[in-house]
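Next come structure tokens for two forms of one protein chain, structure 1 first, structure 2 second.
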Structure 1
Amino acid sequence: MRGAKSAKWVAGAIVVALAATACGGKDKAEEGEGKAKAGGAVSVGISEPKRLIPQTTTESEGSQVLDALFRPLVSYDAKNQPVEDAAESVTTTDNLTWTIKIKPGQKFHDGTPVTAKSYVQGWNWGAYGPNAADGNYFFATIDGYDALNPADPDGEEGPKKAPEPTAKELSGLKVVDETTFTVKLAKPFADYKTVLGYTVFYPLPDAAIANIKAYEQAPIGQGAFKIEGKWDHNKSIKVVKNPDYTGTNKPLVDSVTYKIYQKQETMYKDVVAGALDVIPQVPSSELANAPKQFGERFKSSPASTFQFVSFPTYDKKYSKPEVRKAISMAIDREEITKVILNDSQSPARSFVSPVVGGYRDNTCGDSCKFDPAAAKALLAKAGGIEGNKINIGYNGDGGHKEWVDATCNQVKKNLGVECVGQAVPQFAELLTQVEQKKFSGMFRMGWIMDYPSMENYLGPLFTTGGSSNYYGYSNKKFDKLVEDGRAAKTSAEAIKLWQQAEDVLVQDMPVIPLRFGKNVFAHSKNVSNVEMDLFNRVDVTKISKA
């Protein structure tokens, strides 16, 4: 499943990031045609969104639609820094209490004004445990979250049910006046402004609070487009230009129809036939054909995905960092991205994606350099691998077989160690086995960021008890550096600490970085100025008829 979220990206960012990843290739972020036409209707292919309430939308399909319907508090500039969008200002003196002032005169699509209360009620709805919003945990940084989400007294497995929440509203949120509200966090967080671009921080109008089920079928936002009709499940969602929109990024086209597909292969055929304008993800089976079929209209741009293989800490076999480094050095990342993946991803040698501020190229150093001789020597020095056999687990439903098998073949050839790819039907099942320490072996994982910050990679993936730290990596020094970074006074200071934290990872090698993702997309002859952001979303305010 493709994941995560947020914010609007500017063309410049793609150019900068492209240079950084050196994966330019066919992409021409700025088409330079300069004659983008206004008006007309375009269509974009998506899968059926899971949900369409901002606070409960954390996957890319739903957030693509909501991106058209809503205007975020902050969007991101060319350097990945948050800039005010719907917000007039976001200020703080201590990184603990944040004052958010919204631009006056904004209206929801139903004509009601957007006020500080719209934000506070939306966030409270998302944070309230029994609403089971997917984005619930994003509000955990706000003061008073625990009262809305009481812990199950005897754990999830125990017979007792979690108690009823004692509050319905976050004590950290306060409406000051019509257009101002304050957010008090539980702990200081230097990069909090960056987080505010995420989908779950969109406001909710009164109509949503009155009847959330009805609202979800026709969401009301305050963005550049408004929904026409209703969410036609499994078929389409149509949005039209919002005449009352006051933002600067006014859309060129009159309407966008999100056509819903079950299979990317079908979507691809429809784009070839001209019945659909944009396919945001060219299916892997067509990657070899697409350049011929689309020529200039086949493009790629950076995305935030990070693919890696992790070592289970409960398995003694992999406990020596030398063993882990040796395996990493036996993998030829270039060959796999080129031959198996048709350059749809790029090789990774760092633990955070190039799309976030603070990224440094090749932090992994020699440990990620393809060097079979050195790898063999290192493994011999470490005393070899128990049983001279390793296995890499993957979910069979995600198209990972080819590259896992190729990686295994390389390990076999270059290290002389037996290697087997081990498919588990679904990712959920793999995670369950890992969590119960029943899975013996390495396993693949992927991460898509929620907001552009190093912290969003380091925190969830590598801190002790991190939400996606399934392999149980734990290093006190690392935890402290990440924590100190969060509490730092400025973003620049935070980045310095996080970079030190990343250096700790290089020594421990809890995972092997393999690849960074790209958006690999194509469009029909009917449209131009097609750009995609780091969150796998087509920028519908820029797109125009050809």
Structure 2
Amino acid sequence: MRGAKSAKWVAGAIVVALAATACGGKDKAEEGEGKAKAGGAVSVGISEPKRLIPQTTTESEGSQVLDALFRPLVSYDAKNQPVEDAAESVTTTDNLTWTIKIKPGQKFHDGTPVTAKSYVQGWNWGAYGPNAADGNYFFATIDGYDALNPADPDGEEGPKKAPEPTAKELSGLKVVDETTFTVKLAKPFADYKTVLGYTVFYPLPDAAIANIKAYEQAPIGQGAFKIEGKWDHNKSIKVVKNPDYTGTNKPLVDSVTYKIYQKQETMYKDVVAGALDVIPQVPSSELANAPKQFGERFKSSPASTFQFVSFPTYDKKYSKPEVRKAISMAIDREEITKVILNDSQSPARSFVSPVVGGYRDNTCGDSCKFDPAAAKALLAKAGGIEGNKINIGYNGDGGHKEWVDATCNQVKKNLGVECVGQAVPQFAELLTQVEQKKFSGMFRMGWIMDYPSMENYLGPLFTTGGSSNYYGYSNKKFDKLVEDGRAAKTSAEAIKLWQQAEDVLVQDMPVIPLRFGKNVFAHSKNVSNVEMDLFNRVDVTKISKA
């Protein structure tokens, strides 16, 4: 085993991000469609989270809950630059060793103090290979990671087991005093401060280390809300206002109940009926009805989401780039976006989102241009596709059926290849199947950035052995360019190298870029000041009763 897989995947088809004016911190609601009121209880719809431990919660549903329970070291301003939040300062002189001072006086929900040790022990838990944390990969930049994650001699799929780790703690983490710790990286990383806003870098209290299984059912954070009771699986998770919270973004409402749904369509009906207050992703089947049913309570804004279809490149059937490009060229992105998704997303022809620095429009070129004749000719030149049939997997709880079926219809019409959509009931189940390579065929994925950097799209998704590279893509030239970008002295130099790496992807086409997300959400008459952030999360510190 070489660490565990991580993924900040998004479950739904339609996703949401902050409006440009709302990208900054989490000040009290000052704008919105109604006057903010203090007090009361509200509800937000989600799918069943996969995990609820910060270091192993890397998908959208669990992240939504943990965002209420924790306060990050840094948050992001209107220009997507990191600003201190739980941290008092984050400094470095060489991009290699970073000193992090946390603000004094912070407490966990169980009353114990938040200290430098709380961060170090949480990060060590996430980095220790045998714990199989989904966020393990994020600690690979820290000195000493390899000792906690010895390489499996014949890979994860081989029969041999990886040797036992030779250490339990990262040598690059040092507690300096009660509120200060240092992080020594294996290599310089100019953008490291930007990374620290991500979920896996939240602290863990002693209670978590003592009994991590019990902790996951009732996570203890240091954020604006604390959990009431326990995670009621497949039903709900309730959080209440934390009276000891010291951050500036103090919540308005007394409590938030995250209601867990199997289907977005059911979630939608409950919001219409007033039985649920917020649906973060309006299902594609209701996009035509939503404006009439919700009026001004139906909203959209830009998002960091990147929706794509992946090829299992390790499968001989999909191993030729020409085959992959032909399928891409047979898809009319504009038609699906307009007809099926009511322009709730934008066609994508690049491999990184427009919200990050370094984005270039249409890097994909002819391989993402709708051209049925050229697609058919390219597929014929490549010798066709085995069995003349493909399947596209998707999670049934995410509202994907309509666009997957439409995509298959286009492939059938334009390439003469049989295509079927294959639903897996839950998002968490689909993630597990593709992670373990138990799903046979193409599969849809949607990526929300973990932190605002071009590297966060290229590194986890496409580097050899990358944390979320479920499709087995590998190209040494690409890997080196991504790595060289990380080690660049400045962000500007890094972007130039990462853009060269993206050009390599265009030649190989391990995935088909389809759409960039927009926030498309709705809320009941019971609430106001509903906003979502770049990470597909409802900002529950701003929401209020109507």
Partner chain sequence: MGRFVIRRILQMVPVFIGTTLIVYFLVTQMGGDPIQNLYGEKPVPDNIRATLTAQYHLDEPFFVRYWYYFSGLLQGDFGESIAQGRPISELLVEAWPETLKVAGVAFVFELVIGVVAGVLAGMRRGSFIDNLVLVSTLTVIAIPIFVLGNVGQTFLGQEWGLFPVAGTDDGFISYMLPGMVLGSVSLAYIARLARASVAENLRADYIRTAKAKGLPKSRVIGIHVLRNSLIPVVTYLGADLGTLMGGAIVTEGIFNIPGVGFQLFSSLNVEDGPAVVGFVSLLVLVYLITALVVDMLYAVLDPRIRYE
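Residue indices: 1-based, along structure 1. This structure is a prediction, so every number in the text was calculated from the model and none was measured. In this text, rigid core is short for the largest set of C-alphas that superpose within 1.5 Å between two forms.
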If I had to pick the form predicted together with its partner chain out of these two, would it be 1 or 2? 1
Single out the hinge among 237, 76, 518, 471, the place where one rigid part of the chain pivots against the other between structures 1 and 2. 518
Estimated from C-alpha overlays, the smaller rigid part's rotation between structures 1 and 2 in whole degrees: 27
Core superposition result - C-alpha of residue 499, shift between structures 1 and 2, Å: 5.7
Could you tell me how many Å the Cα atom of residue 320 shifts between structures 1 and 2 when the rigid core is held superposed? 13.2
